[in-house]
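Presented as structure tokens, the chain that follows is alone, the form predicted alone.
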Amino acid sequence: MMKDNQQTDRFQRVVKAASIHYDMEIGKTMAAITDDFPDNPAAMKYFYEKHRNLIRNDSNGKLPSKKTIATLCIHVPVELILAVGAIPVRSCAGAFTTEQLGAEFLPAKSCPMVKSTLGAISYNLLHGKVQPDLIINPATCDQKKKLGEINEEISEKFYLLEMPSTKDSEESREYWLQTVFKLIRKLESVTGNKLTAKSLKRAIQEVAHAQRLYRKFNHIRTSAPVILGKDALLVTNAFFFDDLESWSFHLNLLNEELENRMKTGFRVVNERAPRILLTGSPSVFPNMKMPLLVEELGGFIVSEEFCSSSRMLWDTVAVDEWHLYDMIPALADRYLKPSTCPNFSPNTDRIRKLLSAIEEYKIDGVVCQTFTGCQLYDMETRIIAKAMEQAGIQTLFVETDYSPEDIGQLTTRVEAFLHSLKHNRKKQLI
């Protein structure tokens, strides 16, 4: 009994200290986002506050009336969670604080996102300090796949969502559909609620509405420089944990403000700022190291090919008939076919979408970040390098993690890259 009390006391001390450090990390990132840049849209205040209060529990000790389902990847159909009356919370973590906590369970060379996520789950430091009833863990990479086996105290909450290794065959599509049916049964068991045609239709329509607003937002920001990329990433990161209706409402307000900026010719950067596309390992708040560096040094992030931004929200469910067993296959297809995750082989769709975005958004240069220990993204850098070289697009490849120690080196490299892009643009104008 005494040993158990000692372990509980130690756990509480670690959580308390980590909460303080995590809150400081959030405060530092938010200060850079809001104070180091002029012309922040007024409608962004809502999203700023959401992230400032990321790990503050405002429930006053009350238990949520609905089950909370944590997800570790965009391959989890959020519509299913909503349709069975639960609250979805994406739990991929971006804090150096929780990375250090997760390091006690994992090898030193593990991916920082995997370490950070495990640290946040193990020490109750998820968004709003929620304690999920279920953690859906898609098998999209070997490191993430093993998380449920690492910490015995939380392993019973993990549900491994099996993934096919390719998405282009009919066999893989059928395999994935059966996986989705198994997930439905699990969600029904955890929540005690039955999936119905009515509830699924409502959830699909609610998510589709949010996605339409996002596509409008994306069209505005790629058409005119009226909002910086660092703010765009906060908007999409808020989708991880925000109430869907509230997120959609405030994104609509932001879209209206940005449309007014377009009408008046307002710009957040000068016309010579290099237009940048970010790709690779995703930027998850508060790890905004690369986006902030790029824009602090004079670049303009027009688009991101991340699973923490455009990949998460772009594609909608295409339903022909609003019957339950028509909607489920359509939902499964939406979470498989459009994916450009390097988990799939071959992954030619990713190159195609990158080249399409470069042309459509008039991209000057690509920044590809890979987290140390993230083997899947690392192995695709050579393919991307070849495709960008053939397209004549300058690309900066960066290997980094959540630690602030490499800021000086990264600053030098990003500064030189942007200078080269500006020089090339000047030559084209002569």
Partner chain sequence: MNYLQNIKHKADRANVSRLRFWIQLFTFLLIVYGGYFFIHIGSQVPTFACPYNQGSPGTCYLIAMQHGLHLTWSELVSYRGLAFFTGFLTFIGFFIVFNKAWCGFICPLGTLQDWITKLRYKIGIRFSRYDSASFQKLKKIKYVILVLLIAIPLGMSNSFFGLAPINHDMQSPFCQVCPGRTILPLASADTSQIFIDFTNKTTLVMSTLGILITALFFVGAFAKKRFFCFFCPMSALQFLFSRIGILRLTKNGSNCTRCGNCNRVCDVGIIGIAEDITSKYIVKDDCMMCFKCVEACPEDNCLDVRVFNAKIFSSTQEGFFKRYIQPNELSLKNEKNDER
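Numbering follows the first chain given and starts at 1. Just so we're clear, the structure is a prediction, and the values are computed from it rather than from any experiment.
What follows is about the form predicted in complex with its partner chain, which we do not show.
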Legend entry - Trp314, heavy atom within 4.5 angstroms of its partner chain in the predicted bound form: yes
Legend entry - Interface membership of Asp333, its partner chain in the predicted bound form, 4.5 Å heavy atom rule: yes
Inset, instruction - Report yes if any heavy atom of Glu153 sits within 4.5 Å of a heavy atom of its partner chain in the predicted bound form; otherwise report no. - result: no
Inset, instruction - May I ask you to check whether Val319 falls inside a 4.5 Å heavy atom distance of its partner chain in the predicted bound form? - result: yes
Inset, instruction - Could you tell me which of 160-168, 258-266, 274-282, 231-239 sits within 4.5 Å of its partner chain in the predicted bound form, going by non-hydrogen atoms? - result: 160-168
Inset, instruction - Look at the candidate spot formed by Lys16, His21 and Thr372 and say whether its partner chain comes within 4.5 Å of a heavy atom in all three of them in the predicted bound form. - result: no
Inset, instruction - Only one of Gln131, Gln205, Ser223, Asn193 comes within 4.5 Å of its partner chain in the predicted bound form by heavy atoms, so just point that one out. - result: Gln205
Inset, instruction - Could you check which residue among Lys145, His75, Lys201, Lys186 gets a heavy atom within 4.5 Å of its partner chain in the predicted bound form? - result: Lys201
Legend entry - Stretch 350-368 - residues with a heavy atom within 4.5 Å of its partner chain in the predicted bound form: Arg352, Ser356
